[in-house]
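First structure 1, then structure 2: two forms of the same chain, each alone, as structure tokens.
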Structure 1
């Protein structure tokens, strides 16, 4: 049997209070003490390196990888400077960094290795390192968290990490540095009286921890979006998706929650996940929906890349910084099973980031300079969920929120346009279908204006008796590529 690329995974809070807070708060102290057990369990691992992902290392231009063999600094947190300074020195696995960067680049993202004295390592990673691996027993690897990344992109970056480990022939202890809920008290508090900033956040945290305790990592990934929205998830809980991508999107773990405490109002936990089966990289890039798997081979086919992103015949340098062309990089594109009689062509565009079509049609089709989108509804990608539509057990609509539905339609339209080498500002015409003009028009019109107000697309709005699924709004869009 192939060897697992992951020995163990941990989810830890990177709040500096845990490292520097001393006895000021019983919760902080408890986390500090529990960290000792986490460290012992980490040291028992058979691994070549620690792979960190911290929600506090933010990037906006693609992904960064720490490549300085020995980053050394004295860190003072921007917010928590009165807690004290944290001198650090990391031993970095510089051999692994380029492997990981290469896999992320292959997945279509901008990457950069950072090897500069004084480059700021984030507080979360430093705190975790000081408490888990202070003597550099294991070398470390670090990848940034892109602020704009969404679920599928995070899964992709996690999967790229798994492939990089396999290619480098290394086994990792994986450490996700993230809080659960991340709402702070915004005034001074007495640390001894620290408490969760909201009961709702706390309830969601407990729910997440229950799943993690059962090792149900994939299930946590599935409900992370809701949890993040409802409970101020740390960077929208996107770290969970990264970890999920890396661990193979399964529930096959034994979980253990060491501790869970409030730190200045946030939900800080320490969790361990032991793989019940070897963790192996996926052969293919696997995104949300089974039917939308990208064949690994298509990723490396330059013809498809060029055609599908809409820049065929134009050297990239001619449009160097065009965000649409870049964000529509190949891995986000999927050429799914062709509709009957249509030949497999890059002019037909489907993206795993938009909801799967409910019939034999692509998301979009390019003809010349124009891009024609199929009717797009509000359903969320990869799920049966429709934001703004509540169904009873028999599938009858019991509540319909046109604002949420319209927002979701616009999100889906944006996603498809970007995956097709276009963008929302290039929309030229929109046909809108509403199932209840009288009830919904005013609210729909307001949401519409927020995005399309300054775009100047023509629009036609009609009422129809019904739409194929229990939705109240659908857009039919034509855009320039």
Structure 2
């Protein structure tokens, strides 16, 4: 059996409060103390290096790789400078950095090695290093987080890391430095009274932690987009996708949640993932549809409503949630089977989750940074059913509900965008075709506004004599990737 390239993986918070402010808040102290157990478990690993990915090391063009053998500096966090200074000195695995950079370059992205005195290491990586590897027992490797990357790109960068480890003959402890929710208090608070800034954020954090506690890393990756949107996920949960790509996009892990606390309103957790099978590099990325995987019923669980009591019996808005709040009785999730793969040929995109085209055209085409969607109607995927349309025996329309049809069109647009690596909030232009403007416009316009009202996409609405199938509305969409 091939040897695993990953000994263990950890997800940790890199908030400086945990390192420097433990005496100010019970939650911060709890995380600081729990870090000691994470460190002990890390030190028990058989590994050649620590591979860090921090959502606080941001890059705009491509990806950066730390190649300075001994970065030394004194860090003062620009947001939390009142907490004090953090002197640091890293021992960097300079042999590994070029391997990783080359794999990412081969995947089509710009790369650069960073090797000069004074280049700042981000707060998250420094905090994690000081609490996990202060004596440089293991050399470190670091890759930046591109702030414009999306799910499929992050999976690619993660898989490139796995291939780099294999080619370099290295075994890593992988550390993702990322908060869960990342919504801060906007007013000064008493640190001793720190709590989660949003009850909804807390609910979603518990959902994610339940999955991680069961080792279901792939399931976390599938629902990360929804969690990021609903709970203001740290950098859109890009780090979760990177980790999922590096670990092989499976659920073959055992998980353990050490701790979960609020840090200035955000959701900070410490998590361990142990591979149940060897982690091996994948030759290439299989792009997936990014449809929802969390059942709607779960989202409306009355136990999780804002203002209801939390899992430890305290109001969610004030509950500081000790680890027992995660492990004792977390809310149950219902996760659907993985969605069908999105088929790509060059820049042409089709997905089985959307209704099949009725002609010789793809669901979408990518050109540069933009996606152009073919006209999409309300028909349901895999069937001839059209929500909101009733036909007689001869196929003539005898009833037409524009509300149901518009809602179904928007669902289909979301599905195609997500299968293409985009999302509804990235839509920039919509063309709408109605077969009866006078009858349907007002109701259509109301449904449209529920989804697109805050997005700011331009729109043109025209009346047409008919559409290829017995439908009353069709959208033509342009979106950013």
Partner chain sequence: MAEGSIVAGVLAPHPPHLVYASNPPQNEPKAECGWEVLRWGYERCSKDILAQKPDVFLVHSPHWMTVIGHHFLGLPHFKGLSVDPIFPNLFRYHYELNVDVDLSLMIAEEAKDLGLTTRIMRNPDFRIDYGTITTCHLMNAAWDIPIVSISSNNSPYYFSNEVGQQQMAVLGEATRRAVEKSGKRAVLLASNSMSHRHFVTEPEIPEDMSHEHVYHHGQYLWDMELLKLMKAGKAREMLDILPEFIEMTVAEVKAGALTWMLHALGVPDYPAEVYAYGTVIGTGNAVVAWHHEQNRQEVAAHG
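Here, rigid core means the biggest group of C-alpha atoms that superpose within 1.5 Å across both forms. The structure presented is a predicted model; accordingly, all values stated were derived computationally and were not measured. Numbering follows the first chain given and starts at 1.
- Assignment of forms: the chain in structure 1 is the form predicted in complex with its partner chain, the chain in structure 2 is not.
- When two forms of a protein are overlaid on their rigid core, residues whose CA moves 2 Å or more are considered shifted, and residue 424 is one of them between the two structures.
- Annotation: Cα of residue 163 displaced by less than 2 Å between the two structures, core superposition.
- Once the rigid core is overlaid between the two structures, residue 46 does not reach a Cα shift of 2 Å, moving by less than that.
- Its Cα shifted by 5.0 Å between the two structures, residue 374 is reported here after superposition on the rigid core.
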